[in-house]
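Only one chain comes next, encoded as structure tokens, the form predicted on its own.
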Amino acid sequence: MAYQVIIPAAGQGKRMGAGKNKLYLTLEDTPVLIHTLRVFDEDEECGGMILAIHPEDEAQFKDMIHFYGIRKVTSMVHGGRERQDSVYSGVKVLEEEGIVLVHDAARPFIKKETIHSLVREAEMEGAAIAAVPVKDTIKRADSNMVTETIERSSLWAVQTPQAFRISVLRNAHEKAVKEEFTGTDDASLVERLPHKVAIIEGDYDNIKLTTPEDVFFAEAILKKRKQLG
């Protein structure tokens, strides 16, 4: 059940307003990036991590990885203008077949149980994503006027990781490049092949740190996890 994981980490995180890459922000005195990498580093099923980074971060990322004893970063590739470009840079260095995950560097609370479920599903179906059922009522609007209330029972809020057979993800990205298509996530590229994508239920704690408010939620999640042991 071994897998590799591509971790796009080249974004500048402008909505965080930190004046630097948000992955340098600390939770309990440890950078967000390291919290994320540790999940995979400590998973015996993980065969290696490929980081897609901004060239300006390379030296500092290498120092952090060494300082915190992260062992499974096998490659660092330079990310592109869009997240999709960064993931494709990672796909290009995958030489063998098997399963590859794509996971946001700013999602430090992913659970190993979710990872393993995704890998198993991707082995069977070729593509699988983690998602959680939408809790809120969703409405469609035009010029600030409601036009429709959407039935939410079939709606999912998609997270990462997303898991794929390497050949499936490579074909999806190559097709997107050829057709100059930019998707909102890697699964959307796979859907265009076309290829079915399975869903497994994720965890509401698996948040992505995007805005300053998210840091408070992250600290609360860490506190909760400590209390639960």
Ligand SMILES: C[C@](O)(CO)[C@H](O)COP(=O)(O)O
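Please read these numbers as outputs of a predicted model, since none were measured by experiment. One-based numbering along the sequence shown.
Another form exists, predicted in complex with this ligand; not displayed. Remarks below refer to it.
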{"property": "Stretch from 132 to 140, 89 to 97, 112 to 120, 155 to 163 whose residues place a heavy atom within 4.5 Å of this ligand in the predicted complex", "result": "155 to 163"}
{"property": "Non-hydrogen atom contact T26 with this ligand in the predicted complex at 4.5 angstroms", "result": "no"}
{"property": "is_contact(T182, this ligand) in the predicted complex, heavy atom dist at most 4.5 Å", "result": "no"}
{"property": "Contacts with this ligand in the predicted complex - residues in 93 to 107 whose heavy atoms fall within 4.5 Å", "result": "D104, R107"}
